Every structure is written in structure tokens, then in C-alpha cells.
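Two versions of one and the same chain are coming, encoded as C-alpha cells; call them structure 1 and structure 2.
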Structure 1
């Protein structure tokens, strides 16, 4: 997967700044979406199983709705998942170019597994829709019943595979990005297996699972009760069921999170720490606290306004999680970025030299030998006049000499016009410096 690093373009300091900004945007789309999807799949599969075992219709309905909130159509998973995931891989490939970090390969595998997860998630979504339609069929006979059972079976299978592939994809996403923030580990980490032992990665994995359960349960409350006025004509029985299922999961997963936020900061290498990392970690905990306040409020006395508030404050917490992640990345990769920016300067200078600007490719003496000596000598006239005759008027007027050499004008009627030698500005610069120097030395 190293080809990605090879196609990476050298980046200037300013471009690296832009890249960090782009990375923020990517994370802001990817993190809420992927965690919601993960949590929704867990809740959906869990309630589906519980519903089948107890014959609970509300559970089966919950199982379908929780997934249709996050995947209203099939394309969503491509738009909000696969595309930002690929963009993330490219952004990291740019940032980590010419480093020894294996992050980019890990992330690429993550993106491929995510594509598989996305395919299963869309078929899960489709069969969920079909199940919904089958519910509408009130007539019941043996044929419809068997069809229903088969559909449910197919649905669960795709759901399980979606969750399985998504778990691997998320693990690789976390392992790859966490390694990127630890330049100290770049040289010694040569395979993903070493990351299986990384405490830092596992703390982040648990933090992700908790977040996914929170966002999926608070999202379900939000979409059921608040978004666009909530689900119309919802029966009390089902409304209660949603509250009873989502609220405890939401609250418990929320309350466990601050511990992991603190741990994730503690486990960061010193090079990744900055004021911004601390401030954003503090704000994550602050907004988690406010969110749990609303969730607790809903447990005591349910208000639809609380469902919206809780969801929005959770999104704010996620925004600061993203800032925490990207700011620790930018401080830990500062040194590497300086190297990349330096390489860019070199690349840039080389490019300019190729165009004849900046670095000269030939010395003045060489140019003289190749392009001028056929017609000029210092002391005697040849096709053109002797330099010692014509150069005095250019003393302290290098600019004028330069402009003549780049663009010869007719001057002395005793000579034919001098043909343009097609020099690049840098070459003209060194040849004029050379002939002036020789002329002064001869004087």
C-alpha cells in the first residue's frame, strides 16, 4: 500500500496547514457517522434478537427504526462513510509522506474493510425497508410467514457481517491514526500486530464503542421524538419502549466516557501535547456532562426538548473530540511536517531551476564557452566586438547588460546584429556576472 505515499505530492508549510484543516472537516463528517452506524448496528442486532426470543413486536420495530435513522437511503453510507474515509487516507498519505510510519497502509486496509462493511450495511438497510413493507401485509398465511422468516434471517446475516467488517475497519482506523500521532513509534512499529498491544489504541477503541452507543441511542430519541416534530401518531406503547431501551444505554455509555477522555490524553506522547489538546479535552468532558444532564432529565420527566438538546450537546462534544485528535496530530507531526516542507522547498527550487529560475544549471564560464566564445573574445574583436571595448559602458549597470544579453538590440552599425542566444534568466545572470568579473580582473 506504499504506492499512496509515492503519489503524495510535496507540500509547503501553508499547504500542510490547509491539510490539517481539511482533516478536521473529514473527521467531523466521518466520526459522527461511523460511530452512529456502529452503535445503530449493535442496538439493532441486539433488539432484533431480543424481539425474536420474546416475540416483542416493539423490539423488532425498534431494531428497524434505529438503522433507518442513520441509513435513510443506501447512498448515505458512501457519501458520509466511504468517501470521507478515502479522503482521510489521502490526507494522511500527504502528511506522512517519506516517513517510516505504516499508518497509511493500515488506514488503506481500513478503508477497504469499510467498503465491505458499507456493502453489507446497505443490504441490511434494504432488507429493513422490505421488512417494513411486509409488516404492512396484514393478511397472514404460511407462505408469507416463511418469507418473513427468511427475510429476517437474511437481514440479520447482512447486519452481522456489516458489524464485523465495521469493527475491523474502525480498529484499523484508530490504530493507524493513533500511530500517526506517535512519531516515537514510527521506526519500531513495522506491523499491525505490534499495535494490538498498544494500550493507547485500546483506550480509544473502548471510547469509540461507548460514543457509538451514546450517539445511536440519543440519535434514536432525537429522531423519534424531536426531529421534524417527531414521529407522527406514535403509539404510547412504542414510545415508552424507545425511552426504556435508549435512555439507560445512552446514560451509562455517557457516564463512562470522561474516564476514557482523560486516559486518552494521559497516554499521548509529550510531543503530541499542546494547550489546544487540553482545552478541547476539557470541553469534551464539559459537553458530555451537559448531555448527561439532559439525559438524566429525560429519565425523570420526559420532555421532547431534552432529546434535541442532548443530541446537539453530544454533537458539540464530538466536535471537540475531533479538535483534540487533530491538534494532537499536528503538534506531534510538527517535526515531520517541517521535513516535508523542506523537501518541498528543495523540490520547488529544482523545478525553478528546470525553468531556468533560481539555481543556475551551468556556470558563467561554461556558458561563455558554449554560447559566446564563437563570436566574442575579451581582448580582440571576432564576429562581435571585443568585450574590453563594449563592457566599460556597463560598469555598475548589470541590469542593462542583462537585458541586452537576454534581448540583444542593434547597436553598432559596424557589426551585424547579435542573434538572441535564448538564455534563461538565471543563465543570463551568471554569464553577465562572469564577463564583468573577467573584464574587471583584466583591467
Structure 2
């Protein structure tokens, strides 16, 4: 499935920035929807089975309504699930082009499995709704009983397959995006099997399951009691049943989440860490704490306003989860993005050359005289270290030197940090070629 990376168009530095912004938008649509759907399927299947075994009509009604809240129509799963998932795959294909990461292949398989899960979930929602209608039929004959048995079987089968395919799709989504944020593993990871032992992936999987149970529980409370004034003329018995089923699940899954938020940050590679990642993680925990406060308040004294407040603050927590994820990706792939931007400049220059249009850029020698010579010499220390001391580690590692020139980082505490010279990728390529040539000649 790496053909998507191969057909990806070259991206400039500005276009890469836009892609990261687009990723935020995609995640803000996909993550709440797919987590709600996952949690709703778990709760629906569990309460449906419990209702059938105990003959409890409240459970059967809860099972129907919890899935209907997230899938009121079949188009919803396409608009908020399938389309954003495919958009996510194409965004990663653009960002990871020319890399050795298999993330795009993993995400593509995840999108295909999600499409299968969406079809089964829609079938499950339809059969569950029809089953609820059949329960209201008082007359009975052989034809009705046969149809009712068929609907029961269709509901059980489609529900189980929906959850199964969605579980695999979620795992591949998490595994693919997790690998994308760890460039040091791109070369060594050639199969999804290797990610089965990744602690980082499993921490995020558990975090996702907790989030899905939380949002499905709080979403059920919100749509039952707060959305547009709540369900009209709801029976007290069913209202109490919804509270007793959703509130404990919501509170327990909320209380466990901060641990996994911390673990997800701790397990990130150093290259993925930034101030925004830490701030986002703190705000996730903060809004989870606020949400827990509202849920606990509902357990002590139920107020419909608390259901809306809990749901909204949980959405805010999800927003900062998304920012944490995309920020870590942006930080960890910074060097690769510089290489991609350089490839764009080369492609652009080549295209202009074919059209007979030249681009004015400084040569490596001119750049050295204008910008580098004030701080560096080949054989002696000045403001910065001598090239003969630092260039040996970049032999046969031209891309790393190019990335450093485009985005300087403080490495040696004995020298001040090198300021960013604002070079174009083509100019950075020229100066790296020039100083490596001078170094080799001096050697």
C-alpha cells in the first residue's frame, strides 16, 4: 500500500504546515466519532445480551438508543468516519513521502477495515431499530416470529462483526500514527507484527478504549436528558436505568484516563517532545478532572445541566488530545519535513529550468563568505567550533547536516547556539555540499 507515498506530490515548507493544520481538523472529526461508535457498540452489545438473558426491556431499549445516538442515519458513518479516515491516510502519505515508514500502509488497511466495520454497524443499527419495533407488536403468528428470529440473528451477527472489524481498524490507526511519530523506528519496523509488542501502542489502545466508554456513556446521558430538552415524557424507571448503567461506566473510565495520558507522553521519543505537547497533556488531565467532577455530581444529585457540562468538557479534553498527537508528530518529523521541503525546492527548480526560467540563489562559496565565515573556520575555533571537529560525524550523512543547517539546534554546550540563517533549501544544499567538499580537500 506504499504506492500512496510514491504518488504523493512534493510539498513546500508552507504546504507541510498546512498539512499539519489539516491533520488537526481531521482528527477533531474522526477521533470523537470513532471513539463514540466503539464505546456505543460495546455498551449496546452488552446491554442487549443482558436484556435478552434477563428479559429486561429497559436494557433492550438502552441497547437500541445508545447506538442510535451516534448513528441516527447511515450517512453519518460515511461523513464523520470513512471520509476523515481516508483523508487522514492521504495526509500521512504526503507527510511521510520518500520515508521508509510503513505507517501509510498500516493506515490504509485500517481505513479498509473501518469501511467494513461501518457497513456492519449500519446493519446493526437498522436491525436493532426493527427489533424494537417488533417488540411493540402484540399479535403473533408464524411469519412474525420467523421475521423476529431473523432480525435477532442479523442483529447479533452484524453487531459482533462491527465491533471486531472496528477493533482491528482502531488498532491499525493507533499503530500507524504511533510509528509515524517515531522516526528512529522507521528502518527497523518492516511489519505490523513488530508493533504488537510496542508498549507505546498498547498504552494508546487502552487509553482509546477508556475514552470510548467515557464518551459513549456521557453521550447517552447528554442525548437522553439534555439535548434539545431531553427525551420527552421519559418514564422514571427507564430514566433511572440509564443513570445506573451509564454513570458508573463513565466515572470509572474517566478516573483511569490520567494515568494513560501521562504514560503516552513518557513513552514518546525525545524528538517528539515539545512545550506544546506537555501543555496539551496537562490540559487533557485538567478537563478530565472537571468532567469527573460533573459525573460525580450526577451520582450524588442528578441534574440535567451536569450531563451537558460533562459532555462538553470531555470534548475539550479530546481537542487537547488531538493537539498533543499532532504536536508530537510535527516535532518528531521536523528533520524529515526539512528533507521533503528540500526535495520540493529541487523539483521546483528543475521544473523552472525546463521552462527556461532561472531562480537566483547564492552559491555555497558565497553563502560561506556572507554568513558562515564570521563564526566558523575549517581549522580553528572562532565563535563556533572548527569544521574539522564537527564534520567527521556527518560523512555519508548529508541529509542530517542539511537538516541541521535548515533548523539549527544547540548541541555543544561549549558554544552558543547557531542562529537560523533563513536559507532556502536549495541554498542549504549548496552550503552543505561546499563545506563537505572543502573538508574532504583539507583532509
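Worth saying up front: this structure is predicted, and the values here are computed from it rather than measured. Positions refer to the first chain, counted from 1. C-alpha atoms forming the largest set that superposes within 1.5 Å between two forms make up the rigid core.
In this pair, structure 1 matches the form predicted together with heme C (HEC), whereas the other structure does not.
Superposition of the core reveals a Cα shift of 2 Å or more for residue 428 between structures 1 and 2.
For residue 54, the Cα coordinates differ by under 2 angstroms between structures 1 and 2 after the core has been superposed. After superposition on the rigid core, the Cα of residue 27 moves by less than 2 Å between structures 1 and 2.
Summarising the core-aligned comparison between structures 1 and 2, the C-alpha atom of residue 402 is found to shift 35.6 Å.
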